[in-house]
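Below you'll find only one chain, the form predicted on its own, shown as structure tokens.
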Amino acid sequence: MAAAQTPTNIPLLTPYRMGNFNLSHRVVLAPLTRQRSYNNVPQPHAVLYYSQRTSNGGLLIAEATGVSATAQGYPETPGIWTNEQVEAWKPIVDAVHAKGGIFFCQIWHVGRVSNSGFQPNGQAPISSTDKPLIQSDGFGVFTPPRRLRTDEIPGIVNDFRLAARNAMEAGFDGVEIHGAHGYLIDQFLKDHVNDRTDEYGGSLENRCRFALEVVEAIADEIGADKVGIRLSPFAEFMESKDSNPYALGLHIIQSLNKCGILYCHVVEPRMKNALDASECSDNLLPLRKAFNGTFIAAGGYNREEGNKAVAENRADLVAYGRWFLANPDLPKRFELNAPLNKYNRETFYIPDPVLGYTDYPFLETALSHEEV
């Protein structure tokens, strides 16, 4: 008879010290866009959603949160550039802290993944390029972007800095910069998108310049020990791919080491399209070895794979998206090796404040229903 696994011998459930934060386990709530922040303002129903997924000493990363009025590309996503938004985040953050959670705010700018209907005065979305985004994949129709002038870029960097300051004002423990999945920062990083001829285009160093300026500005504003970044060098989501993802990933990670940021959150190469895993021989190990801080891996992990990644020292922490969305008590279920609720894709991105949002059952509820 096999020995029962206890939290101490389940790698995902061992404690971890991330900078100044003492985590009780290594199961992270990944940042998940849910499109339930009406008029870009976080809503009271998010208090329940995030607190349901909070455990004492657990790390949660909030859904992608816009840094400015030009950062929008999806309906009903939250922002953090106005005082109203900051005030609306406060009770949500308080609810996470009341249960002992550590809460980071992911801040983003979608760049060209937008259309003029989301933009101030119906203007064109801004990007590193003026190349239009062709694909839709059910994500909407995209307006051809306007290439940012060199002299405009410091203003966008400042938008990120102010958003980070606002996140701290709202009570968050830190911020995660969204540098992945084909959004603005990724549009600068990837050579299939970035066709600039100024100091922000061409060489690896130039393509990483915008991302690093954002990181440095935020680190100066709130402290590098409260800053993380999410990267997806291998992904091709939103037509953002790179001809040499390993070189890109290693260059930016080695540059991030000089900034001394808290963590790097990297999407697995198998997640080419950000939706489903594909067969892939590449892995994150070279990037993990290169980074000096906490390394968070994400992308298609189940319990067994997460435990293996931690046990083999391929990641310090593992972020879970869809499984955490559908299982508010995911760390507990992993501890007990209990069955998981299935997630329903149909309710990922709907504005309903309950359906597919706060109505996934906890283990105790599911078991009591089975007993009946």
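Residue numbers run from 1 along the displayed sequence. Note that the structure is predicted; figures quoted are calculated from it, not measured.
Beyond the structure shown, there is the form predicted in complex with a small molecule, which is absent from this document and is the topic of what follows.
With the small molecule omitted here, the record of contacts in the predicted bound form names 58 to 66 of 305 to 313, 38 to 46, 58 to 66, 331 to 339, defined by a heavy atom within 4.5 Å. Of the heavy atoms in Pro144, none are within 4.5 Å of the small molecule in the predicted bound form. Although the partner is absent here, Gln106 lies within 4.5 Å of the small molecule in the predicted bound form, judged by heavy atoms. Using a 4.5 Å cutoff between non-hydrogen atoms, Gly223 does not count as a contact of the small molecule in the predicted bound form. Contact check for Arg112: every heavy atom lies farther than 4.5 Å from the small molecule in the predicted bound form.
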